[in-house]
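In the form predicted on its own, a lone chain appears below as structure tokens.
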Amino acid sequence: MSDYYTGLLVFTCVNIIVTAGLYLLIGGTGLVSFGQAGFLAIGAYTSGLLTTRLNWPFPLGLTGAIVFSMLVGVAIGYPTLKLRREYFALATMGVGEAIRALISALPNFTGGSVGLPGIPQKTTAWVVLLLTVVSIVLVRNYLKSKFGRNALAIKTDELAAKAIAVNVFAQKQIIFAITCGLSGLAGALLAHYITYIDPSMFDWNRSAELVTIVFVGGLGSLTGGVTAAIGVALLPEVLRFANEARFLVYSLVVLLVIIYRPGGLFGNYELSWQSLARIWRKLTGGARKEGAA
């Protein structure tokens, strides 16, 4: 695989991993985080510093990025998850910008606005594909578990969930920690592919783009989120012939989806092995009929 296609695959998978975590948060509890770029930065800088300054191996760097991102998520979630949904969204926006500002304010440790160079290039196509599949399976299985059903109850009616003895705060805290951990993993994979990171890569626009992916794909569909993440990563490349106009076309496509499909492209539809089998039977059955004719 050429460097161009490997890079495209890595950036697409990074989007998918973060989107899977955000889908768990938004689709599971109804909470929206506009600060996930900050946790991307935490994962990227944690793994980058561990591997460059302490010479940790790549797997331990990834593990450190996930664990530290989850710990920061728990620390931030303790006060913010007690807020109402709209205030939580505003709080996470501030947190994301605060993380970026803190990284810029520590030049002796993080490199500041100059950035952190020399990160070993360890992210390969197979590594990022494997971890992307693991992330999707983790989110899917969590939502189908008892904890996931409790989370969906919280999203539907928080007071009713409390009435049936669901620990609402603990459920939110766990899901937010998982979301932050997946963002940290994605950030670490990105850092170990491009080998250089700086705070400008993790601004609010990045957070807004990630939330947009979930809304475009469908709040009730992990399949939609994954599909939208792939589309958002590939669409600018498909429109590269349009030069600067491609960003306008990309924005227009997103706007049309929001207007005409407010529930997202997939709504609540979830692709499963059974649905894939039905599609395969229809395709192969149609091919056999054409052959017989």
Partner chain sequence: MSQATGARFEFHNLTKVFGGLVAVNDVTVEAVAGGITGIIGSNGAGKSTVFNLISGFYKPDAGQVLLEGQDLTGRQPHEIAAAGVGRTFQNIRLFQGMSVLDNVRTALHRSLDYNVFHALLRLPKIRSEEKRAEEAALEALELVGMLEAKELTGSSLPYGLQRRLEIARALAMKPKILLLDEPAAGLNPGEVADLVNLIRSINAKLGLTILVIEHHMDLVASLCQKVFAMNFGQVIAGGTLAEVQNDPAVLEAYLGKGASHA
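Keep in mind the model is a prediction, meaning the values are calculated, not measured. Numbering follows the first chain given and starts at 1.
Just so it is clear, the following notes concern the form predicted in complex with the partner chain, a form of the same protein that is not shown.
S.K.: Counting any non-hydrogen atom inside 4.5 Å, which residue from 178, 99, 93, 211 sits next to the partner chain in the model of the complex?
M.R.: By the 4.5 Å heavy-atom cutoff, the listed residue in contact is 178.
S.K.: In the model of the complex, which of the listed residues (133, 105, 194, 160) lies with a heavy atom within 4.5 Å of the partner chain?
M.R.: Comparing distances to the partner chain in the model of the complex, the residue within 4.5 Å is 160.
S.K.: Is residue 201 close enough to the partner chain in the model of the complex to count, meaning some heavy atom within 4.5 Å?
M.R.: Residue 201: no, not in contact with the partner chain in the model of the complex.
S.K.: Check whether residue 150 has any heavy atom within 4.5 Å of a heavy atom of the partner chain in the model of the complex, and answer yes or no.
M.R.: The answer is yes: residue 150 has a heavy atom within 4.5 Å of the partner chain.
S.K.: In the model of the complex, does residue 174 have a heavy atom within 4.5 Å of the partner chain?
M.R.: Yes - in the model of the complex, heavy atoms of residue 174 and the partner chain come within 4.5 Å of each other.
S.K.: Does the 4.5 Å heavy atom contact test between residue 215 and the partner chain in the model of the complex come out positive?
M.R.: No, no contact at 4.5 Å.
S.K.: Within 4.5 angstroms, counting heavy atoms, which one of the listed stretches 71 to 79, 109 to 117, 183 to 191, 134 to 142 is next to the partner chain in the model of the complex?
M.R.: Checking each option against the 4.5 Å cut-off leaves 134 to 142.
S.K.: From first to last in sequence, which residues of 164 to 200 have any non-hydrogen atom within 4.5 angstroms of the partner chain in the model of the complex?
M.R.: Residues within 4.5 Å: 164, 165, 166, 167, 174, 178.
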